[in-house]
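Next comes just one chain, in C-alpha cells: the form predicted on its own.
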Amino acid sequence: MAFNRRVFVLGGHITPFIGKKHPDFIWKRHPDFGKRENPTLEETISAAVNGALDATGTPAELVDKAWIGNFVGELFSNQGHLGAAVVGSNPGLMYKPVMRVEGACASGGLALACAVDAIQAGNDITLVVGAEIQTTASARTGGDYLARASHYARQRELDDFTFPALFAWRNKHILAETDTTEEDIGRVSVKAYANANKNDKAHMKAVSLDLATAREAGPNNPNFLANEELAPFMKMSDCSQVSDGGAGLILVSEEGLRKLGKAPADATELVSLAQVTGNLYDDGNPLRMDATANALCKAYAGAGITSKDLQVAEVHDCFAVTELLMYEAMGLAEPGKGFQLVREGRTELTGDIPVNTGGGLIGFGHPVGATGVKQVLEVHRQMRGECGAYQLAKKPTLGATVNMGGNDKTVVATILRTT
C-alpha cells in the first residue's frame, strides 16, 4: 500500500496473556478454583481499550474510528457484535463508528489495516483492539472451533486438532525434503520459552523448556494427534498456546499527533502495510508460505527496503515449523535453509535479527484476535526501549511484523521504523 499520509503508532497496552500453566490462570488445579474466575471477553476488551487510551494520553472523545479483531467470540464466549462492546468499554466512545473485523488468526492485523485505510482517507486518531478468550471450552471442543479457520468441510476430519495436523503435514515434508532436523524445530520453541521467561505478560513466563525435551517426543512432550500418519510430526512443544488476552493501540496521522500534543519523536512510524489473501481451497506447497512471501515483498517495496535492512521482527509462529518457514518467506534465509538461522542463534535476543523477542505465539501466547495488534506493539516497544528484561541491547530502528490467518491464507505484514 502506497501511503499518501504518514501513519504513526503512538503506543498502547497489552494485557497479560493467560491460560493453562500460567500462574494466574484459574483452572481445576489452581488453589482458587471455584473461588475466582478468569477475565471475561468483556473485561479483556475493556482492559485493552482503556489501557491503550491511558498509556497514550488519548481522550476517547478524540478517537475518530475504532476496530476490534476477534475470530470466534460467538463460540468461546457466546458473544458477537463486538464493535458495540468496544463502545461499552468507555463512555467517550459513544456513537463512534466501531466495527469488528475477522480473518482467523490475522483478525488483529486486519483491524490494523482498516485503521491505516481510515488514516489515508482523512481520519487522524484511530483505536485498534484485538481480543480473544479461548479457555472456556475443552481442548477438543476448542480445536473444533478453531478448525473454522481451515476449509472446514474438507479438512475438519484430519484430526480432532485440525491445525496441528495441518502443520504436522508441513513438518513431515520439511524433515524429509530439507536438511532441517527435529532439533532445529525444537530450538525455535526453546528460544520462545526463554524469551517468554523474561516477559512478565507472557503466557509461559513461568514454564521452562530445554532442548533435550523439545527435540523429541517423550512423556513430558508427547505426540498428541490421533492421525497415525501425521502423529509423529507434531509434539506439544511445537505448538503455540491456547491463550486469553487482549491488546490495543492508538494509530494516528501527523495531524493526530498534533491534536494530542505529540511529535513524531514520541511515536514510531508505520511506513508500509501489505494485506494479501490466498485460496482457502488450495493447500499449496508444504515447504513454502507463498501468501506470506507475497505480503512481505509488497511491504518491503512500500518501505523501500529489503530483508537485509531488518533489525527485529515479530512473526506468526503458530507452530515452530511456521517460524522456520517465515524466515524463508521473509527473505532472511534461502528456501529450505530457515533452520540455519535458529541453529546459528541469529534470531535470539543476542543475534543479528532477533525474532519474537517476547516469546512469540509459542511463548508469549496466542489469543487469536489479539496477536496481530500485539505484534505491532512489540516492535514499537523494542524501538522505544520499553521491553524491560527482554529489551535488545541496541534499540532497533527498523522492524517487521507478519500476522497470518489459517494455513498461509490471510496475511498482514507491516514495516515500522523510528522517526
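In case it trips you up, residue 1 is the first one in the sequence shown, and so on. Given the structure is predicted, the values throughout are model-derived calculations rather than measurements.
Although it is not shown, the form predicted in complex with a small molecule is what the next lines describe.
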Check: Which one of F76, Y327, F233, F163 is close to the small molecule in the predicted bound form, taking close to mean a heavy atom within 4.5 Å?
Finding: F163
Notebook entry, point to check: Which of these residues, R156, R258, H81, R140, gets a heavy atom within 4.5 Å of the small molecule in the predicted bound form?
Noted result: R140
Next item on the list: Heavy atoms, 4.5 Å, the small molecule in the predicted bound form: which of 233 to 241, 283 to 291, 265 to 273, 331 to 339 makes the cut? Say which one.
Entry: 233 to 241
Notebook entry, point to check: All three of A149, P222 and C318 touching the small molecule in the predicted bound form at 4.5 Å, heavy atom to heavy atom?
Noted result: yes
Item checked: Non-hydrogen atom contact V411 with the small molecule in the predicted bound form at 4.5 angstroms -> no
Check: Do R381 and the small molecule come within 4.5 Å of each other in the predicted bound form, heavy atoms counted?
Finding: no
Check: A104 near the small molecule in the predicted bound form, any heavy atom under 4.5 Å?
Finding: yes
Notebook entry, point to check: Could you tell me if G406 has a non-hydrogen atom within 4.5 Å of the small molecule in the predicted bound form?
Noted result: yes
